[in-house]
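Take a look at this single chain in C-alpha cells; it is the form predicted on its own.
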Amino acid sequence: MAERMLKFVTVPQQMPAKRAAAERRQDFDEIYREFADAEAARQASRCSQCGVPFCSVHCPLSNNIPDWLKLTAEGRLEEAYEVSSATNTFPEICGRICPQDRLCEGNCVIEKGFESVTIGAVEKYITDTAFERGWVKPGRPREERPESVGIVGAGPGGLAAAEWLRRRGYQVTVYDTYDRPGGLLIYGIPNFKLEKEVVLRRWKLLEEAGIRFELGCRVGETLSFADLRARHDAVLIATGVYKARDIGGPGSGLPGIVPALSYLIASNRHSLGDDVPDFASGALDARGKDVVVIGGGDTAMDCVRTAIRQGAKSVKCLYRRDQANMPGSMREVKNAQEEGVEFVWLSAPEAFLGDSAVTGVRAVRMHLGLPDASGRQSVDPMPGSHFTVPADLVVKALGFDPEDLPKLFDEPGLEVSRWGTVKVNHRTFMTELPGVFAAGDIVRGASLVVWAIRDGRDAAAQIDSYICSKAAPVAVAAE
C-alpha cells in the first residue's frame, strides 16, 4: 500500500478539467470532462487509508470509499466498480450530483492545505468506465418469487427499492405520473449536472432486469389506491415532495413570478424535445430577460445556471443570509459565479413590482443576529435599507413540501405527521396500513438524492422481511 497510496503529500488535489465558462454558457452539456485513467489513479492514490474513514461515516450509503479508491489506484477498476455498486444503486448519478463538499470530501481527514481526495469525480469515472467496458449488467434474480410489490414513484428512492427487491426475485411494478422514470433526476436537475442519457441508460437496465413500469399513471386518479393494494403483496410510497413553498407580499401573484420546479421542468422537457407551450410562449424562457432567483439551495443554483444558458440578460440570486450560511453546495456557487451569476447576499424580498407583469423585486438588506434554537444565526431586516432589483422573470426556489397524500390517494387511513409527511414506523418503514410502506422525501422531507437511495434500499429490506414473515410456514405442534 505504501507504494500506491498516501500520496496526498506529493500529489495535489485535482478535479477533471472543467470547460471554460464562456463555452459552457452556450449549452447544457456537463461542465466537467472525463478523468483519464492515469489521472484517476493518481487522484485515488492520494487517499490516506485512515483507520477511521470519516468519508464513509459521513456518506448516507456508508460507501466503502477507501477500498474502491485503493483499487482504482492499483488499476483494478472492475473490482472497484463491484465494491462501489455493492452499497450504491446509482454511483454514476451520485458521482455527478452529490454535494461531496458537504459529505464525503468535506469530512476527509487530510488536513487543509493538502485538500481532500476528489471522491465524487473518481466515483463517476469508475462507473462510466464500467458502462463503457460492459461490466454493468441487469440485476436479475437467481430464483423468481411469486409475490409482487408495487412502488409509487420512479425517483431515486423508488428505483433503488425496485432494484433491490428485483434482485431477490420479487415481481416489481413501478408507477409514475411522468412519461419517463427518474423523477427529479430527469425533470428537476439540469443536463449540465446530470445528462439525461445517464438516467435513461439505467432505466433500460432496470427493465432488462424484469422491472415493469406503468408510466403516465397517477395513483388516486388513473388507478385507485385500493386497486393498487389489491394488485400487490406490498406497496411502497416513494413519491418525493413536489409542492413548492411560497412567499407572499404585495404583487406576489403577478405574471412572471414562477415556482422553481415549474421553470426547471419546462427547461428539461424542452431539452428532451417535448412540446412545452409555456416555454414556447416565453413565459418560462429566460432569454433576453432580467432574472431574479430567490433562495440559496441547490435548486436555486440549478435555476440561475439554467437562466444563464437560456440567454438571460442578467441573472441575480437573492439570499437572506451570507455565502458561508448557504445550504447549497459551495462548488455550485463557484460554478455559477464563473458563469456570470450575481449573488446579492443578505437580502430578502418584501414586495414584487409591476402592473400587468412583474417588473422588479423590492428587497431589504438583512443582518445576522444571534443563533436560534437550531443553532443557525437569526436574520433581521436593517431599517431604511430597501432597494429595487429589476426583474422580468422571478423564480422562487424556496424548497418543497409534501402533497396531501391521504386526499390525493383518497385513502384517509394513510396517516401524516405534523409536517405533512407520511407517518411510518421508523424501524420498519410501514405506515398504519398493513403492507403499505413509505420512504424517501415523502417521509424524511425534502433532502438529497443519496438519502433517497439509502431510504429506498432500507425500505426494500423491510418489505422483504414483511413478505417473508407472511410466507413462512406455520409450525404444527406434535400431538
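Residue indices: 1-based, along the sequence shown. What you see is a predicted model, and the numbers here were worked out from it, not measured in a lab.
Unshown form predicted in complex with a small molecule; subsequent notes refer to it.
- Contact with the small molecule in the predicted bound form, defined as a heavy atom within 4.5 Å, holds for exactly one of Tyr125, Tyr175, Tyr81, Tyr170, namely Tyr175.
- The contact with the small molecule in the predicted bound form, taken as any heavy atom within 4.5 Å, belongs to Gly240 out of Gly251, Gly240, Gly139, Gly360.
- In the predicted bound form, the small molecule lies farther than 4.5 Å from every heavy atom of Pro259.
- For the chain shown alone, Ser447 is a contact residue for the small molecule in the predicted bound form, at least one non-hydrogen atom being within 4.5 angstroms.
- Contact between His367 and the small molecule in the predicted bound form is not found at the 4.5 Å heavy atom cutoff.
- Put simply, Pro349 is far from the small molecule in the predicted bound form: not one heavy atom of it is within 4.5 Å.
- Proximity of Gly150, Arg229 and Ala460 to the small molecule in the predicted bound form is absent: no residue of the three has a non-hydrogen atom within 4.5 angstroms.
- Heavy atoms within 4.5 Å of the small molecule in the predicted bound form are found in exactly one of 377-385, 177-185, 282-290, 306-314, that being 177-185.
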